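Here you get one chain, nothing else, as structure tokens; it is the form predicted on its own.
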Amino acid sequence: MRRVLDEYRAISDEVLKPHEKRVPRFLEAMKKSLDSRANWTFWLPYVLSLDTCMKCGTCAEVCPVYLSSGRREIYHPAVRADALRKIYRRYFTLAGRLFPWLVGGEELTEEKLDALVEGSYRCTVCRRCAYVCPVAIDNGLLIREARKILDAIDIAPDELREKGTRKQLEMGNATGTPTPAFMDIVEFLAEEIQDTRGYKIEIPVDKRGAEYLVMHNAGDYLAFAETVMGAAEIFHAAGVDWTLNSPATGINDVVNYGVFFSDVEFEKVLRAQVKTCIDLKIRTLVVGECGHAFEAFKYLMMRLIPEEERPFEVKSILELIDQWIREGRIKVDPRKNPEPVTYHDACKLGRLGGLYEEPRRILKACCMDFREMQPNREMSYCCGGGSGFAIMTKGDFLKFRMETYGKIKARQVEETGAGIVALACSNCKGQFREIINYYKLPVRFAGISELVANALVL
């Protein structure tokens, strides 16, 4: 893979197709993105963000990748977004078509398109910049729109599309786990709970008409099983009617990688997930510890599927755990988690989902020593796993994640003196796993469900 932006690559030459003529197709796809009827998600903030930017630099001073890179210009939020703005001004405004030099528009070349592709995958779309922009410009949104246009001309990371949304639709989950293997995993986890906790619980699967369907990130079953076991223990302790589901009943994976790069892929996955919930006749879909899945179900779904076509409620597992602890439905003893614990605000759960106090109330109830990272809540730094980055490693991309976003988070964790980083998002867990190893931090990460289960009083 040759150099097209910096020393890293997110997209292979096989996908990028640098020797083909892609500019005409890109311009046609961008024209469609500017049509409000064709671009149903964020058309209004998209066109406003294209039209307006004061170049004040406020966004740069809060951008984790720009700051941690030593303020490299290619990572400046406005510079990245301007790659798309310049195309817009040159080709899609009257002044640009007649007098391009007056509006700063530039001819789009194949080489500039290559740089735009890679630049679009240096931003995790954490939206921290949007919080401080004095005119409410959302450069992160422009990056996602650029990714959508690129996907329309068949340029997208294979980790997100071929091995992500399309495998999920074909197999029922993005990990490709078939039903027999899934059932074996569930049986093993139930046995593990009995061996480690000393009591036996039933983990129901494919139960129709249950009050709660708990849908996890499929990767949790393979990489973060403690989260799945913790959730099962919590629902058992709460004494509620609940179930997991297998690929035999449809989609059993709460992730939706389309959120990161494509409304087309997003819609296909979402409709398949909704159909699964309807077929199982559940009353509440519980989104497991997965940030982007919560955004997809809680907010984006409302823009696409009318309420009457989704006859079930959606809750984050954090909302339920917080509610059950406050109601006394489940009882916890914080002395069972004596180590100092800090919490990382996942971008999709916090800035985009509004879940700030729920995880903190849970952790303060379940842990003896809770410590805040600084800054936190709406100004928390992205860990670097968002927008699909946590599963992207080609072209030395893992090193990019560690030397930029990861560097900031490692420093934050060290400053707390905590021994455990509590996480409520699978992408964050994947990124923190690498951060801890890369920087040799004397800490471990744990899902919130795991910490709650460890504190249960039965």
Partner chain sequence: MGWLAYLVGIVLPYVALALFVVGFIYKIICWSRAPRHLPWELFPYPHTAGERLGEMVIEVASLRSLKLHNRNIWLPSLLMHFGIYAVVAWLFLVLLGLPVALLGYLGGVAAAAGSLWMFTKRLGRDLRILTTPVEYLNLLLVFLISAGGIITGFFGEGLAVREYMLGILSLSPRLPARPSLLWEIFFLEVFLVYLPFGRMIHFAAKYFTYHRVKWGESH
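Positions refer to the first chain, counted from 1. Owing to the predicted nature of the structure, the values given are computational and were not obtained by experimental measurement.
Another form exists, predicted in complex with its partner chain; not displayed. Remarks below refer to it.
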Legend entry - Residue (of 135, 222, 278, 98) lying close to its partner chain in the model of the complex, criterion heavy atoms within 4.5 Å: 135
Legend entry - Interface residue in the model of the complex among 415, 61, 396, 28, criterion: non-hydrogen atom within 4.5 angstroms of its partner chain: 61
Legend entry - Partner-proximal stretch of 223 to 231, 150 to 158, 347 to 355, 112 to 120 relative to its partner chain in the model of the complex, 4.5 angstroms, heavy atom: 347 to 355
Legend entry - Contact flag, residue 209 vs its partner chain in the model of the complex, heavy atom cut 4.5 Å: no
Legend entry - Partner proximity in the model of the complex: residue 55 to its partner chain, non-hydrogen atom cutoff 4.5 Å: yes
Legend entry - is_contact(residue 103, its partner chain) in the model of the complex, heavy atom dist at most 4.5 Å: yes
Legend entry - Contact label in the model of the complex: residue 400 to its partner chain, heavy atom within 4.5 Å: no
Legend entry - Contact set, 300 to 318 vs its partner chain in the model of the complex - heavy atom within 4.5 angstroms: 300, 302, 303, 304
